[in-house]
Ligand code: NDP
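This document starts with one chain, in the form predicted alone, laid out as C-alpha cells.
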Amino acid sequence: MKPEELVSRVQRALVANGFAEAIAAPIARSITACERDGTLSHGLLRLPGFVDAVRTGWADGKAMPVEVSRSPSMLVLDAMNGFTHYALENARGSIMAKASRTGSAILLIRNAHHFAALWPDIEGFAREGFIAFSCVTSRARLTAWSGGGPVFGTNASAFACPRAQGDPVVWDQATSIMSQGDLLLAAKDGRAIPLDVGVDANGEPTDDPNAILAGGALHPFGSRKGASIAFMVEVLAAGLSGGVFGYESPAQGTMPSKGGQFVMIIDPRRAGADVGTRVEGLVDAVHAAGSPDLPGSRRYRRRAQAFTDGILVSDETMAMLDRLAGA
C-alpha cells in the first residue's frame, strides 16, 4: 500500500470515531510514518488506543489548543484534553520563527495526550536546519531509584540534528529498558520478555508483558541513570508545562496517557556555527570507529523501501482499518 493511501485510511478511521478532520490528519501521518519506517510499536498497533480514548470520553478528538502564554522565546499551549499532534503542528511555524529571531525557542503543551513516537515530531525541524529536543510524560509505569512500584512514566525523549550531507541524525528512546510500545507489541504477539525488563503487581520479576501492563512496572534503562533522566522529563514536560506528573495520570489501561510535552529548538545559524558540516565530521569518526549505522539509519532504509515497494499491511490489520472506518 502506498504511504499516502494508508494516511487516508487511518484518517478516515479516526474521523469515523469522533476526531475532527484537522486533528486526525497529523495523527494519521505520525502513525503511517511509523508503520512505513518499521517502527511497528508506534504504528497501526496504536490506532485502536486512539479510537478508544475518544470513544470513552477519556480524550477529546475535537478539542482545539488554547494559548496560555507567549514570550519572545516561549509558547505555552493547553491542548484542552486533546492531542499534542495538532497543537505542535499549529505551533511549528511560530516556534521556528522565534528560534530564528532569538536563537532558541521552547514550546510547552499541557493537558494533552501523545501516545505516539517522538521522532516524527522533530525530524522536520532538523530538515529545516534546527537542532531539536523533545520529551513527553506518560502515566506511571517506571520504577524510580531502587524502588519497586511505578512512579515515573516511561517518558520518551528524542533529539534531532541536521547534517551537511544525508538525512538528519534522529534518536528516540524511552527511559525504560523496553518501551511501552514494544511491551504492547510483545503482548499482542504472545511473546515472553527478558526477566530484567520489569515486575508484576506484586513487585516480582516477570517475563509476561501482560503482567507488567496489568499493574506492574518497568525498570529504567541503566538503573539509576535512567531514573534520573525520567525525573528530568517529568520536570520539563509536566512540571514546567503545567501538565500532570506520571503518578497523577489516572490509569486507563493501554490508552493514551494525559500529560505534557516539551519541545526545544535551537537555530545554530544564530551561533554562527556550521553545525551540519561539523556533524558530518562526527559521523565520519563514528563510522571510522566501526559503527556502520547511526540513530535513524534503519528507519531511513525502510522508508526508501516503502516508497518503492509500498507498506506491507496484513489482512488482519486491513480488516481492523475497515472496521474502524465503518466500511
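In this text the structure is predicted, and so the values were computed from the model without any measurement. Counting begins at 1, following the sequence as shown.
This next part talks about the form predicted together with the named molecule, which is not shown.
**Student:** Specify the contacting stretch among 164-172, 232-240, 92-100, 69-77, defined as having any heavy atom within 4.5 Å of the named molecule in the predicted bound form.
**Tutor:** Going by heavy atoms within 4.5 Å, the stretch is 164-172.
**Student:** Among T206, S179, S249, N81, which has any heavy atom within 4.5 Å of the named molecule in the predicted bound form?
**Tutor:** Exactly one listed residue reaches within 4.5 Å, namely S179.
**Student:** Which one, H287, R298, R278, R270, lies within 4.5 Å of the named molecule in the predicted bound form by heavy atoms?
**Tutor:** Partner contact (heavy atom, 4.5 Å) among the options: R298.
**Student:** In the predicted bound form, does every one of H42, L118 and V136 come within 4.5 Å of the named molecule, counting any heavy atom?
**Tutor:** All of them do, each having a heavy atom within 4.5 Å of the partner.
**Student:** Heavy atoms within 4.5 Å of the named molecule in the predicted bound form: does H114 have any?
**Tutor:** Looking in the predicted bound form, residue contacts with the named molecule include H114, since a heavy atom lies within 4.5 Å.
**Student:** Does A63 make contact with the named molecule in the predicted bound form, using a 4.5 Å heavy atom cut-off?
**Tutor:** A63: no contact with the named molecule in the predicted bound form.
**Student:** Since only the chain is shown here, I'm wondering whether V51 would be in contact with the named molecule in the predicted bound form (any heavy atom pair within 4.5 Å).
**Tutor:** No, no contact at 4.5 Å.
**Student:** Would A126 count as touching the named molecule in the predicted bound form under a 4.5 Å heavy atom rule?
**Tutor:** A126: no, not in contact with the named molecule in the predicted bound form.
**Student:** Mind listing which residues of 260-295 have a heavy atom within 4.5 Å of the named molecule in the predicted bound form?
**Tutor:** D293, L294, P295 sit within 4.5 Å of the partner.
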